[in-house]
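A lone chain, given as structure tokens: the form predicted alone.
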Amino acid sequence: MQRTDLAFACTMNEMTTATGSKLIELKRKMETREARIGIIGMGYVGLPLVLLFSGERFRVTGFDIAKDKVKTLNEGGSYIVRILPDAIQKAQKTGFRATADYAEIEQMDAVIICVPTPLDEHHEPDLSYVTETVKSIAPHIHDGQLIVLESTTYPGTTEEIVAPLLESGNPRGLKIARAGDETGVHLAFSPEREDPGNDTVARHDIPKVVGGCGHVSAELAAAMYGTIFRRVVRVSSPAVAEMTKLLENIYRCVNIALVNELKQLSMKMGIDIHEVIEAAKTKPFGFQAFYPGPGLGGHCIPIDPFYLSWKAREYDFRTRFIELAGEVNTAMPYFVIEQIAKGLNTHAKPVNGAKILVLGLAYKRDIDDLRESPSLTIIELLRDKGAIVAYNDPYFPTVGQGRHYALNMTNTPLENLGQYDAVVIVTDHSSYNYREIVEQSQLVVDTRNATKGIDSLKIVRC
């Protein structure tokens, strides 16, 4: 695959003038697929990246501290529903293997870090996964190696945290290559743009943003990513690339908060917000449709905006739009509980003691991803109010304990729905037959407009 972002392309002669033969050799190895690529974090971001590089005939090593993941991958299996074992086995034919041994970092020409960056219990950035990873690889890095951080974070992380840890943690006294330096470790940031469940855009068609600590690092990162993405967009620094990712997600967060707030107002006014959105999106300019729901989920939108809010305090600046959007979206599960209570009241039943089935645990349709899912909060809130809660989700036979939840539940078969006082649609998986669900249930609370077109007094849409 050839890069089409030729405005930033660098010829071999230019590379010779700028950096010398060692970097020419590394770029040549990337172009000929001889470069060894190490990817740290075999999750929803790292594993798809493995498949992209393997598909271009690179020999990839996947690093993860979870030994069960390493074992599954080396046996040719997969633990992510949308990634089939066949894809792992195909990657193995081009040299892919997984390991928990960071000493093998020394054998890599390029290392990409794809580890989680959640919020802590105080709603502040938790960079422990990044810092511990960098500390673990620092003793094994070598001169001329390219290291790229993909984990979403606040502007300044790559240069202010990752770079010093790499420099202080390696025994050879290696420094980060800056400006036109030929020697040292080359460091860059390139935000991941994974969208689980989105099959409308091929991964290699999503433009790849890259910002390096100096133009040589940026050029090497662009050369590497240019082998698997059709377009590479270079920006002037890692901080610009870090801010780019936050802008993308803050844009979505604020607009989702807007429609969530308008949904609540529309309900009071007797207006169907979904009909409004469908009408508004017929405008061919100046409007993009966003849809309301029971709350935000996934790693990006509920979390990333708060990374910038936290960083803004350093500059004595308050990000009011971000904070307000966060308040609106965080309140949505509580709004859903209110609507469940209202629906039960029409049947002369309280929430306390009610049997409730929650449909869907994943944070969005047809994926096996629980991260920050509003379903988890809704279940806990219902339990706190004394409800007897069960769930059904074809992607989760069980759900145990995570950073912010302790449910310890087993999937309930989708049968005998009449036994429940309410069935709550939180995730609108396409495998559900919503007409049958409505027919068999006493009360259906629909948070996703999944029952659109079904006319029944049993339905409470919220």
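Owing to the predicted nature of the structure, the values given are computational and were not obtained by experimental measurement. The first residue of the shown sequence is 1; numbering continues from there.
Form predicted together with a small molecule: not shown, discussed below.
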Okay, which stretch from 234-242, 386-394, 316-324, 126-134 lines the small molecule in the model of the complex, with non-hydrogen atoms inside 4.5 Å?
-> 126-134
Considering only heavy atoms, tell me if Lys69 and the small molecule come within 4.5 Å of each other in the model of the complex.
-> yes
Does any heavy atom of Val115 come within 4.5 Å of a heavy atom of the small molecule in the model of the complex?
-> yes
Report yes if any heavy atom of Val424 sits within 4.5 Å of a heavy atom of the small molecule in the model of the complex; otherwise report no.
-> no
For Ile65, is any heavy atom within 4.5 Å of the small molecule in the model of the complex, or not?
-> yes
Of the options Pro155, Pro196, Gly226, Gly184, which one has a non-hydrogen atom that comes within 4.5 Å of the small molecule in the model of the complex?
-> Pro196
In the model of the complex, the residue from Arg371, Lys311, Arg252, His140 that sits within 4.5 Å of the small molecule by heavy atoms | Arg371
